[in-house]
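Quick setup: one chain, the form predicted on its own, written in structure tokens, and binding and motion questions come after.
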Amino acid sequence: MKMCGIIFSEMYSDELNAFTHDRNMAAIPYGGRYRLVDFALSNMVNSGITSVGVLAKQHYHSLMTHLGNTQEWDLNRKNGGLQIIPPYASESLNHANRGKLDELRNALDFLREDTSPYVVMADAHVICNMDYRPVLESHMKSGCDITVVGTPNTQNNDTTYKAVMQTDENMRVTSYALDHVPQPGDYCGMSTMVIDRQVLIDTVMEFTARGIYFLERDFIQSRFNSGELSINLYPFEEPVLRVNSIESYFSSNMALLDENISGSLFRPDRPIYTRVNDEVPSHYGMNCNIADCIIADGCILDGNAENSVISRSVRIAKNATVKNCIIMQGSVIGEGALLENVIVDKWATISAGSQLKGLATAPVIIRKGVTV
């Protein structure tokens, strides 16, 4: 394969700190049975990439446990395979995230040992199903220094994106803005890009030696503005979900209830792989009422659930009602409890008769393992 892969696992850990106080962002549960990292990693495997480095700065025990021996992704190989790359303890473990170039400095050995001419880099917070091979083909045909993937913006809104771009008729980028609100006709970056491997190595070494650490701002934008860097844009027009806040995490899970979105993400020709946990089928009680939900295996459902994402081994007791909620693995909803717009982390217990109500824009969050 002409590409190796790099996955940035925790670019928005601070914004998701309700879930990342003891786990890596890429290991946050999603969609009832997946983790955020599964999408970028599966995309790489489905694109024929057999050498992947996952950059992890902290709390990566949960990520290592989830990835295990990587057999589900067919990456338990003698040559290549998957590497979790932690920071050097003496250099960058004790300071805040300074940028992707700083993280890539820890991956220099991985990049030097690989023989692929190109690198595809992706963020774990971007949920989509895509083949990176056409991106590489577009990059090679363009002759540009770097190719970025973006989604077309078709409507007016006030959402700020990390990168917002304009292009000419040949899809060469003519404007590159950061942390900007796009206008119709602009492209919103997906934090996915292809670059020559040796160029990336040289860039990381040069910039970090000068105390410069931000890939998008200090390398891409700065050199683009000075005319030293040409950027090709690959348009991606299928559904893309971005998890960079509590609100977007909630809405991205709820979006799976839309068959058009879930059908685009979970395709038989490009499956999303995850760690396999054998469970018995879910049990539906005689008087339960379940509507418009995603239900994983191993659940015991004696109560009511509507428009919710229910993970493995969840128990909903009699007369309990769960509406517009995300209930993670092993949690227990007590008899008569009422939950609406609530995110319940793993192994939490909601006591009988409890009432918890939030908003779709500000859901109530019950942390892992607590009893309410």
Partner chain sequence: MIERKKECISMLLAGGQGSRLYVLTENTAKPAVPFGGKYRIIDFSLSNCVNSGIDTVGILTQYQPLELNDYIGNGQPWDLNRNFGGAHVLPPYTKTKNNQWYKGTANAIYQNIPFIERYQPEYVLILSGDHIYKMDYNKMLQFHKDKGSECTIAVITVSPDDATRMGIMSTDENQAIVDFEEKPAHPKSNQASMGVYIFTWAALKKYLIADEADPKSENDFGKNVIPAFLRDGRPMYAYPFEGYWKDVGTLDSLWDANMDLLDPNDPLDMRDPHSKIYARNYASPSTLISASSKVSNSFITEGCQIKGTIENSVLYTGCVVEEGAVVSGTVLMPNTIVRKGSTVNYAIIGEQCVIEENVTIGARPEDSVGENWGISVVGHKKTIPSGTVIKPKEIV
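Positions refer to the first chain, counted from 1. No experiment lies behind these values; they were computed from the predicted model shown.
In what follows, reference is made to the form predicted in complex with its partner chain, a form of this protein that is not presented.
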Q: Could you spot which one of 215, 299, 122, 135 gets a heavy atom to within 4.5 Å of its partner chain in the model of the complex?
A: 299
(Q) I need to confirm a contact call. Of 111, 84, 246, 294, which residue comes within 4.5 Å of its partner chain in the model of the complex, counting heavy atoms only? (A) 294
(Q) How about residue 273 - does it come within 4.5 Å of its partner chain in the model of the complex, if we only consider non-hydrogen atoms? (A) yes
(Q) So, residue 278 and its partner chain: in the model of the complex, are they within 4.5 Å at any heavy atom pair? (A) yes
Q: Could you confirm whether residue 117 comes within 4.5 Å of its partner chain in the model of the complex, counting heavy atoms only?
A: no
**Q.** its partner chain contact in the model of the complex: residue 286, any heavy atom under 4.5 Å
**A.** yes
(Q) Given the stretches 330 to 338, 343 to 351, 51 to 59, 25 to 33, which is the single one in contact with its partner chain in the model of the complex, using a heavy atom cutoff of 4.5 Å? (A) 25 to 33
**Q.** Output flag, 266, 282 and 312 jointly within 4.5 Å of its partner chain in the model of the complex, heavy atom basis
**A.** yes
